[in-house]
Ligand code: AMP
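Take a look at this single chain, the form predicted on its own, given in structure tokens.
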């Protein structure tokens, strides 16, 4: 088993609760092939027992045996408030498959379910399935999703819905909340086992440093800074950046009320439960930094084995203070690439920030706007571009465009080279909320074809795919404000 800790309240050995009369809702054939799963003509697993395994109804088929499924304990801060012990309340880790841990989300009650029913619903399972694979195709570090299976079993949320299980995979599902849990419980030995596992398996480059645990913290913080910069560059809002939802591997995990922005809004909130906007788009870097402070607190006992408390705190604080710089560097690199800029110049930050302010003021479509930069000619007049009509304040945009054209003169790059790079950096297709909602509504009527069609399109987000042009369009006005919540 990949999970490094067993026993006590650390984890519970528990079999999934069977899903009554399961059926396939969605399956990622590309991930299935990567894992070596034999597929039939319908691009579903050839072994019918896979349906049972991925629904929680069996622990073995002809290809794999999962002999010791577990649920794990962790703690965390939710919306900035210490929530104490949490854990896998509806997710059960089956074991390993290839380079991944395989986990069933919605597979029944565990010791950590608190007042929950241990189930996930069809709606949220489809969103996580499509969202995970879409983000992977964009190149964003993320957990993956192999399948969704459904059932007519009723599940009550705000309304009566039906149950589903989402099969998700990651090199590890360890999170900041695991460190917080053992630190709060003063289980330093457990903390050390956890850190040593990460050093041995996932952060081997840190093992031989003068202070491996401090080096480990720095590496985890750096990955998180780079991850949130990547989110910002594709217009992704996570929605629930609680510390228990933050991967220690720098992966996007726990897809809930997430969303890809349509009209750009700096303070966009994708989760209607977030009434204060704590996890709004423009707050994500700051909140990730805050979560790294939670991780530092969780790792403090490890450094106290070597230093005084004051020295340990100072070393972690110094490492933590690198986060804003690391984020800024990663953010600049991402947004330079989106504008087709190879070289680094001092005024690039101001250039990008001014563009984003103009985009915010005009509520332009985030994905379409950056894709259109591939049509800009470096020697053209500042008014001769397809972007101009998208902005309300034409005079301000014209001034910005002239500064951008002046900036392009500093690049030793042809128009064709830059334009191709922009097309390979700025996607044409993203998982817009209205597209996901349409697929969900059809699935709730037992039509799962749109899920597979969307998956196929989103697996090639940078390709033109002219036959699917409609899927690159912004939402109709009546579908611009689809409401999402934490309930799933």
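The model shown is predicted, which means the values in this text are computed figures rather than measured ones. Positions refer to the first chain, counted from 1.
Missing here is the form predicted together with adenosine monophosphate; even so, the following discussion is about that form.
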| item | value |
| --- | --- |
| Proximity of residue 274 to adenosine monophosphate in the model of the complex, heavy atoms at 4.5 Å | no |
| 4.5 angstroms heavy atom contact with adenosine monophosphate in the model of the complex for residue 365 | no |
| Close approach of residue 119 to adenosine monophosphate in the model of the complex, 4.5 Å, heavy atom | yes |
| Any non-hydrogen atom of residue 90 within 4.5 angstroms of adenosine monophosphate in the model of the complex | yes |
| Stretch in contact in the model of the complex with adenosine monophosphate, which is absent here, among 204-212, 392-400, 414-422, 242-250 (heavy atoms within 4.5 Å) | 242-250 |
| Heavy atom within 4.5 Å of adenosine monophosphate in the model of the complex - residue from 233, 369, 265, 113 | 113 |
| Candidate from 219, 405, 351, 86 lying within 4.5 Å of adenosine monophosphate in the model of the complex - any heavy atom | 86 |
| Residues 78, 157 and 254 all lining adenosine monophosphate in the model of the complex, heavy atom within 4.5 Å | yes |
